[in-house]
Ligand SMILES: Cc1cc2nc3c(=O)[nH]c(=O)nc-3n(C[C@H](O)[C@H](O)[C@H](O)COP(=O)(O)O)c2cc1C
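In structure tokens, one chain follows: the form predicted on its own.
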Amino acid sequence: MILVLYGTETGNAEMVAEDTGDAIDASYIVNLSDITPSDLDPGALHLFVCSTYGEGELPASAKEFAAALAQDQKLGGVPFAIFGLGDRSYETFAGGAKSLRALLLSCGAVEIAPIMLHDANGPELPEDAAIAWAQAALARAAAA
């Protein structure tokens, strides 16, 4: 089972998550505001798409999920990968995705592919970059 989970402030991460999930035939596409860390399944692959808000903060829909992670959740063996959205002109480029990644790792989740950070000022569309990233993450997971 493949889940694409997103944290968004303005809807950009949701659109990228939906395009990515459709391209890879994800089982579910879920807003982080609709789940808790205990809903994560060690038998499923979790692909997170996370935007950044303000000065490197998590987006609104990810804040409660992150707060629950910070409460010492145990995610031993939950496989995940993260695609981050941001603007490289900010010192805290993609800070939301980086924060979420750090929380997941601190709870014992297992990163199956390197984090990918998309620059809003770059030439590539975020959905194109996310689909290629997700396909590479799935290939890595299958080869492991």
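As the structure is a prediction and not an experimental result, all values here were calculated from the model. Residue numbers here begin at 1 and follow the sequence given.
There is another form of this protein, the form predicted together with the ligand, and it is not shown here; the text below is about that form.
A heavy atom within 4.5 Å of the ligand in the predicted bound form is found for exactly one of Leu47, Leu85, Leu32, Leu104: Leu85. Of the stretches 55-63, 106-114, 23-31, 37-45, only 55-63 has residues with a heavy atom within 4.5 Å of the ligand in the predicted bound form.
The ligand in the predicted bound form comes within 4.5 Å of a heavy atom belonging to Glu9. Remark: Ala94 counts among the residues lining the ligand in the predicted bound form, judged by a heavy atom distance of 4.5 Å or less.
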